[in-house]
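We begin with a single chain expressed as structure tokens, specifically the form predicted on its own.
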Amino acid sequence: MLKLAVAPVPYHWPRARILSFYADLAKAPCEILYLGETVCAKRRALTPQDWLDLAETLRAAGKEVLLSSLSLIEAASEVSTQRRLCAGSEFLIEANDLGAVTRLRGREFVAGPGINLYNPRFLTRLHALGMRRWIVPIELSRQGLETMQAHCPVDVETEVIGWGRLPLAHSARCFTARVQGLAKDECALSCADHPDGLVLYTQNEQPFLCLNGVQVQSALSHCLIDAVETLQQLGIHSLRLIPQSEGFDAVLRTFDQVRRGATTASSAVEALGRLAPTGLCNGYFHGISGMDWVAPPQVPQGQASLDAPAPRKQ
């Protein structure tokens, strides 16, 4: 059965909120948990030792626990942090840049979404370096995934992002601080005021992007609930769910019900549409614009709807 994996929390939440979130996940229907700060090194709600203690607790609760590295290295101090993470952890590491991959050479690791892994040749190369699992890039279509799976080494696991605001880009600039008229070095951690990021709208009042510090996300929540059966047939190991501040427990339960066959994808889409902060998308998987939504096949074949559940403006 397809496993459920929870991605690292991408937002700047207070310490108490993070600890409460993972306390709930210890009892939730998910098998894999990724921990750590992947977006901005200035966010220090938890110390490295706090993350290790939390990892031990969650492992004792029966979860597979991994530690994730920063996606964008900008300072010598961040290099040192990455070096310590890669050298001293007994937990499997999710490498989110090639610097981490180099430091993990010869050890098993997971290639995170920060690694642009688009072709079988690179897949084979990373496998030779020790890659045990890879996270499929957000833009890869079902057809592209089929090609990659056909060339994927038998001992390498594939994880697909199945829910959440997609990580589109990282930058040396802090977009959230800029909106507040602040310099990056004097940001006052303004991203803490936006527990799900800051949504940008078009002039037509349509959700477009989400600003999350130095990260840009999709405003719409990527949702592959209707592709669970297809992904299982392709031999996908796990489905990655990206956290959000409200309703994530219900998101997890819904995906669990669908993978167990306890509910249908079409009914689940309706429920998830109410849980998505600003609506759903799945276009990349279908080889079209990522912002588009292709509904589950309730309509005759060849007449797929592009009408997503109505978004809720934040």
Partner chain sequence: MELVCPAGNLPSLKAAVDAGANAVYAGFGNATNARHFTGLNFDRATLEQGIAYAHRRGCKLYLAINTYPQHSGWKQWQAALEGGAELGVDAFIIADGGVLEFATEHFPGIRRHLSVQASATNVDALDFYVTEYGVERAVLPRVLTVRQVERLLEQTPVEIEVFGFGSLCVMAEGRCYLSSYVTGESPNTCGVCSPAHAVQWREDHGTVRTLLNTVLIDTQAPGERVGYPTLCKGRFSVNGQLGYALESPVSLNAIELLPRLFEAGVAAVKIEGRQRSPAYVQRVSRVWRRALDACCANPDAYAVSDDWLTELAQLSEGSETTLGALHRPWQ
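Everything numeric in this text was worked out from a predicted model, so none of it was measured. Numbering follows the first chain given and starts at 1.
Another form exists, predicted in complex with the partner chain; not displayed. Remarks below refer to it.
Looking at the partner chain in the predicted bound form, residues 99, 144 and 174 each place a heavy atom within 4.5 Å of it. In the predicted bound form, at least one heavy atom of residue 170 sits within 4.5 Å of a heavy atom of the partner chain. For the chain shown alone, residue 91 is not a contact residue for the partner chain in the predicted bound form, no non-hydrogen atom being within 4.5 angstroms. In the predicted bound form, the partner chain lies farther than 4.5 Å from every heavy atom of residue 61. The partner chain is not shown here, but in the predicted bound form it comes within 4.5 Å of a heavy atom of residue 199. The listed set 237, 178, 107, 127 contains one residue whose heavy atoms approach the partner chain in the predicted bound form to within 4.5 Å, identified as 178. The chain is drawn here without the partner chain; in the predicted bound form, the stretch among 249 to 257, 43 to 51, 277 to 285, 23 to 31 whose residues come within 4.5 Å of it by any heavy atom is 277 to 285. Shown without its partner, the chain has 71, 72, 73, 74, 75, 76, 79 in segment 53 to 81 as residues with a non-hydrogen atom within 4.5 angstroms of the partner chain in the predicted bound form.
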